[in-house]
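Just one chain is shown here, as structure tokens, and it is the form predicted alone.
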Amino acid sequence: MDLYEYEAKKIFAEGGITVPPSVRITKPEELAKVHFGFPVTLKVQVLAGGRGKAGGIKFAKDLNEGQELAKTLLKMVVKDSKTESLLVEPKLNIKKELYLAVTLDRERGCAIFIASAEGGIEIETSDTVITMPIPNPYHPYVGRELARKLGFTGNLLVKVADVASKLYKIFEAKDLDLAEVNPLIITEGDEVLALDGKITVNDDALNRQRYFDGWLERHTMDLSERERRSKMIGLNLVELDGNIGILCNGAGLTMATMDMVKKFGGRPGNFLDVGGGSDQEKTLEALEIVNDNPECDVMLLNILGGITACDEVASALVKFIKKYPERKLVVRLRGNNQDVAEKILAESGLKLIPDLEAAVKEAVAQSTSVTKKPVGAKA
């Protein structure tokens, strides 16, 4: 779950990282309630990156200019992400910009610092980027070593190291995938402030991170209706422009199934990973979501039963096909309780195809011979 900048900076402040004073507004007239004086910076609050390049950050010298800018900014869409609000901050005098982030390095199997003595846009093209593995348990010397590598000494080394240590503690405590400050600025008075912030919370940690209870819904507004429904029940759906609805358990299996569909001339209508522990209820919800896509002519279900039991999936399929008897459905199940699943499906008239290539070819063949939309599909 990606957070808005104002949410990330609230978390930074709670973790002891200094951020500029700010006010969030949703209407231009609310700018009159901002009391830290002009000039100010107006920043669109979107979940997409690249807002600076898109013109989503503006400066206003007085209230009239600020309100006119706010009218335009509140209507902005950046990479299909609608502006949720504006964050208003004082325009600061910046002596130096840095980049600082904590994320996971899956190859190393640990968290890492990513930092640069340069901040701002297109940091990924900079040749000054430093990466540093973070030991567990964490020790403050790691932050000091990072600050030294960035070229700091004396009081600024201590301040930058302190921000790095606090950023890692936030990352660890909140189960984040990413905690990023870009830029981390040094003012003319040698204050170190997080001028911008980006946080990505690990989706699998939301159930145990009570801090984020109720946050998910307002962070799915840029998704389609079906993608939003999926997100809210813990499913990972990406809609595509094909007519074969694909349901698998595991991202790798889903991608491999999509590749095979394309190889045999079919067009995937979606990516849907139902997860490794899907029960009957969750499988039914996934089937309903794909079925609701009016462009979906055939559904291809490819499940490898491990944690997920094949008979649970089969029972869901039987209930589903009773509700939508005209739906074209191709089923491939392998693994845990496969024999039981095959009997359940046979009794309902559904055929189980154990071989993946055969199942994919069957789905592609059915998708090219459709003469009408199946009953039950919704817009």
Partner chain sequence: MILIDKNTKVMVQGATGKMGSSHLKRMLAYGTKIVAGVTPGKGGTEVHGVPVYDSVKETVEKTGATTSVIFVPPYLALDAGLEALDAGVELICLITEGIPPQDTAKLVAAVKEKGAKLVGPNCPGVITPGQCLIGILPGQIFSAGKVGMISRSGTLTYEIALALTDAGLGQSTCVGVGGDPIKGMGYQELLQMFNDDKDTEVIVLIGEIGGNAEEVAAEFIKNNIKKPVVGFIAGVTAPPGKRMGHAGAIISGGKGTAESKIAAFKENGIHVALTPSEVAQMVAKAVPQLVKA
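No experiment lies behind these values; they were computed from the predicted model shown. Numbering follows the first chain given and starts at 1.
Note that the form predicted in complex with the partner chain isn't included here; everything after this is about it.
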Quiz item: Of the residues 221, 238, 232, 77, which one places a heavy atom within 4.5 Å of the partner chain in the predicted bound form?
Solution: 238
Quiz item: Only one of 304, 129, 92, 216 has a non-hydrogen atom within 4.5 angstroms of the partner chain in the predicted bound form; which is it?
Solution: 304
Quiz item: Is it the case that 106, 206 and 264 all touch the partner chain in the predicted bound form, with a non-hydrogen atom of each within 4.5 angstroms?
Solution: yes
Exercise. Among 197-205, 181-189, 82-90, 281-289, mark the stretch whose residues have heavy atoms within 4.5 Å of the partner chain in the predicted bound form.
Key: 197-205
Exercise. Indicate whether residue 162 is a 4.5 Å heavy atom neighbour of the partner chain in the predicted bound form.
Key: no
Exercise. Decide whether residue 157 counts as a contact residue for the partner chain in the predicted bound form under a heavy atom distance cut-off of 4.5 Å.
Key: yes
Exercise. State yes or no: in the predicted bound form, is some non-hydrogen atom of residue 144 no more than 4.5 angstroms from a non-hydrogen atom of the partner chain?
Key: yes
Self-check item: residue 242: touches the partner chain in the predicted bound form, heavy atom cutoff 4.5 angstroms
Solution: no
Quiz item: Going by the partner chain in the predicted bound form, which residues of 237-261 come within 4.5 Å of it through any heavy atom?
Solution: 238, 240, 249, 250, 251, 252, 253, 255, 256, 258, 259, 260
